[in-house]
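Only one chain comes next, encoded as C-alpha cells, the form predicted alone.
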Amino acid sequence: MSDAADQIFVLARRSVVRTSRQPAQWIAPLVFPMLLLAVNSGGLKAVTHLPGFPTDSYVAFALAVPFIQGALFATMNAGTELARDIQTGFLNRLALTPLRGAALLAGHLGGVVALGLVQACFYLAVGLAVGVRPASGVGGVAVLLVFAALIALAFGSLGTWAALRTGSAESVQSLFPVFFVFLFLSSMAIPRNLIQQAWFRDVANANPVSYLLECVRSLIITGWNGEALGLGFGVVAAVGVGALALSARALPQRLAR
C-alpha cells in the first residue's frame, strides 16, 4: 500500500507541475468560461422576467455553466497529456518499471482533479465577487466542490480512455467540439420547463448535461433539492464508473504494445 501511495503521489505531482508549466492549459479553463458567462449574462438577462424563472439574477443561473465547461477542459487536458506520454514513449518506459496500472491512472487523474478544484474555487470566487450568494450556504459550497472534483474525475477519465485508445493528442482534441454540442443542447441558457420548442426541450430532457447543470444550480439558487442532487450525482457517477472501467481495460493493451 505504501508503494502504491508513493507512486500515485509522484505521478499526481508530475501532472500538476507539468500543467502549471503550460499556461495555456490552466489559463483557458479559467478565462474562457468567465468570458462566456459575461456575454450570456449581458445578453440573456431579460429572460429572468419570464414567469417561472427561478431567480432574478441571470449571473446566478449561468454560474453553473463554467463548472461543466471546466469538465470539458479536464477531458482535453487529461487526454492530451497522456497521449503525449504515449507519443514520446514515456508510457513505454513506465511499463518497464514495477509501476502498477491502477497507480498510473490514479496519479494521472489526481492532477486533473486538483486542477478541477482550482477552477471551481475560481468560479465561486468570481460569483461571490459579483454578488451571487449560494442559497445552500457553506455546506452547499462544500458539496459543490465535491461535485466539481467528481466532474473533473469523470470527464478526465473519458479523456484518458480516448488517449489510451487512440494514442494521439490530435484525436483527443477533436472530441472537444462534440462535447461542446452537448453543452449547447442542454438547459444551459434557460430552464427545461421554459423551453418552447418541443424538439429542443426533448433533447434537453434526454441530455445528461442538463442534470449536471441543474445539480449545480440547485445549490446556488434553490438550496437543497434532493431530486436535482440525486440526478446530478447519479449522472456523474455513471459517467465516472463507465469511463474508469474503459480506461482500466484499455491501459494493459496500451502498455503491452
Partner chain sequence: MRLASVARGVAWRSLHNVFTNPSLLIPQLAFPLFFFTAFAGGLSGVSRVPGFDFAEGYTAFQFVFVLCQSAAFGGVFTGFGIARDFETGFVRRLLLAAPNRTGIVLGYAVAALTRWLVTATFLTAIAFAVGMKVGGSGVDLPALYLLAALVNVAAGLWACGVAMRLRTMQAFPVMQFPVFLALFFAPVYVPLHLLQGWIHGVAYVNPLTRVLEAGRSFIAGAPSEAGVAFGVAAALAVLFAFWALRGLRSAEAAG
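The shown structure was predicted, so the numbers you read here are calculated from the model rather than taken from an experiment. Residue numbers count along the first chain shown, from 1.
Although it is not shown, the form predicted together with the partner chain is what the next lines describe.
Heavy atoms of I190 reach within 4.5 Å of the partner chain in the predicted complex, making it an interface residue. Residue contact check for P177: one or more of its heavy atoms lie within 4.5 Å of the partner chain in the predicted complex. The partner chain is not drawn, but in the predicted complex it has no heavy atom within 4.5 Å of V118. With a 4.5 Å cutoff on heavy atoms, L231 does not count as touching the partner chain in the predicted complex; it lies far away.
Stretch 182-190 is the contacting one of 108-116, 138-146, 155-163, 182-190, since its residues have non-hydrogen atoms within 4.5 Å of the partner chain in the predicted complex. For a residue to qualify, one of its non-hydrogen atoms must sit within 4.5 Å of the partner chain in the predicted complex; all three of F32, L36 and V47 qualify. The single contact residue among N40, N207, N225, T55, judged by any heavy atom lying within 4.5 Å of the partner chain in the predicted complex, is N40.
Counting a residue when any of its non-hydrogen atoms is within 4.5 Å of the partner chain in the predicted complex, the hits in 194-211 run L194, I195, Q196, Q197, W199, F200.
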